[in-house]
Ligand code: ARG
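As structure tokens, one chain now follows by itself in the form predicted on its own.
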Amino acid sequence: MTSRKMTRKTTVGSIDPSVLDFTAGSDLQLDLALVQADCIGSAAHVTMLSRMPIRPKVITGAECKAVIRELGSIMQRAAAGQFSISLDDQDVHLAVERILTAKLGDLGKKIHTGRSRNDQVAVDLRLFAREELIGAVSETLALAAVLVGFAKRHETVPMVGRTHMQPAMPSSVGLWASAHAESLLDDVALLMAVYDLNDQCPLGSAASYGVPLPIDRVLTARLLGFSRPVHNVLYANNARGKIETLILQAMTQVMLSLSRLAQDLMLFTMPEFGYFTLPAEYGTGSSIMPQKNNPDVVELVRARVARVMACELAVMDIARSLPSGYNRDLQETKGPFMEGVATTRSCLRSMAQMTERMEVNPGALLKSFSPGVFATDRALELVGRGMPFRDAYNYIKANLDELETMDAVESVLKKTHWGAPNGLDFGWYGERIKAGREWHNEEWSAHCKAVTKLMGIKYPVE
């Protein structure tokens, strides 16, 4: 006798329990990060539905207020850690709908009119990405500002410049630190550019093909604080995976900047160099060697660069061969997307805190200068007196002993052109940081105001 297999009843049909578990995947955990965004997106959607020029109204003005009030309550519960997603829910979207239906009856069943979970998750991720990008810009600027401040305090402290890891020419701590800062400031520009691409609302595209209702996608975008809707409803869903990849590419560039800084710190804090000293509280001890204080932060930052790059590749590889329209494969991009963003932001915070407390050891820096480091500077001095460069080059190569009396501080002070060790424009760095902070403040304020106005409660919800 064959027993009939049991199924689990869900909002979207009866499903074999093993299939339900398999298809839900990690969404029960990952979607907890999207509860606020899902409620905000739903509030904009029901507001738009209540204003559609049709009779009878799908949702009345009073019903819209009731839905938004309950959505605000869900957001507060989520902020207090009191929101959960069950396996029967499958994801945050159906969990929110279930709660609304339990509270509001048939009214809760109306909120999905004119949309699909496809455009729901798309708008949730764009709202989530908006906040993450604004935060990442702030944290990248914070580390850049720490490095610029460090550079200014030690502007002309001599430091051997290296090529091929070998001593090359006289440089300075100021040049070294501000070079890393400038790399991060370029990363900020990239984050802002990706932010602009993300600043498009996919809501209203539904299952990718629009709906036979007079929905107002421009209104929905405006309510959510987006600058515009994604125009083409099919592309609104096709952009899933693409926009996450672009964001992760920007995060990867940030991590590459951090990796080079971390690698330098690994080398230059070794006893054999001793240029810098990291704060003791940012190291860890050994289980067997009592004297050890290991630079685990910079080592982990180097390793986590690979993690973020792997996240970018995972999302890109999933999206690369998908046909048009929604495909469930995209569910697998959510985890690496969130991981890559979170990893980048945590590395930025840790590096900023550590670098701010780092100390310079001028004696060790001066000790590392050998006469050969001054060879190019001396050759160019001869050029300044009229000797052809190649003749000066060959002369110094044959008379390196003449460099014994060269002075490192004097060499640094002579390099005064724009961007050189004694020509660093700290006002220029300051203006870039100031402009970035103004951008951050404007975007974060606009986002919070839009959500506060829409939800009728102060945002962020605490």
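Residues carry their position along the shown sequence, with the first being 1. In this text, all values refer to a predicted model and were calculated from it rather than measured experimentally.
If you look for the form predicted in complex with arginine, you will not find it shown, but the lines that follow are about it.
Colleague: At 4.5 Å between heavy atoms, is V121 in contact with arginine in the model of the complex?
Modeller: Judged by the heavy-atom cut-off of 4.5 Å, V121 is in contact with arginine in the model of the complex.
Colleague: My question is simply whether Y326 lines the interface with arginine in the model of the complex - judged by any non-hydrogen atom within 4.5 Å.
Modeller: Yes - in the model of the complex, heavy atoms of Y326 and arginine come within 4.5 Å of each other.
Colleague: Could you tell me if K103 has a non-hydrogen atom within 4.5 Å of arginine in the model of the complex?
Modeller: Although arginine is absent here, K103 would stay clear of it in the model of the complex, with no heavy atoms inside 4.5 Å.
Colleague: Considering non-hydrogen atoms and a 4.5 Å limit, does arginine approach H112 in the model of the complex?
Modeller: Heavy-atom contact with arginine at 4.5 Å: absent for H112.
Colleague: Let me know the one among E132, D91, E139, E312 whose heavy atoms come within 4.5 Å of arginine in the model of the complex, would you?
Modeller: It is D91.
Colleague: Considering non-hydrogen atoms and a 4.5 Å limit, which listed residue (S208, N361, Q331, Q353) is close to arginine in the model of the complex?
Modeller: Contact residue from the list: Q331.
Colleague: Given the stretches 382-390, 143-151, 171-179, 331-339, which is the single one in contact with arginine in the model of the complex, using a heavy atom cutoff of 4.5 Å?
Modeller: After filtering at 4.5 Å, what remains is 331-339.
Colleague: Heavy atoms within 4.5 Å of arginine in the model of the complex is the criterion; list the residues of 224-263 that meet it.
Modeller: The stretch touches the partner through R240 alone.
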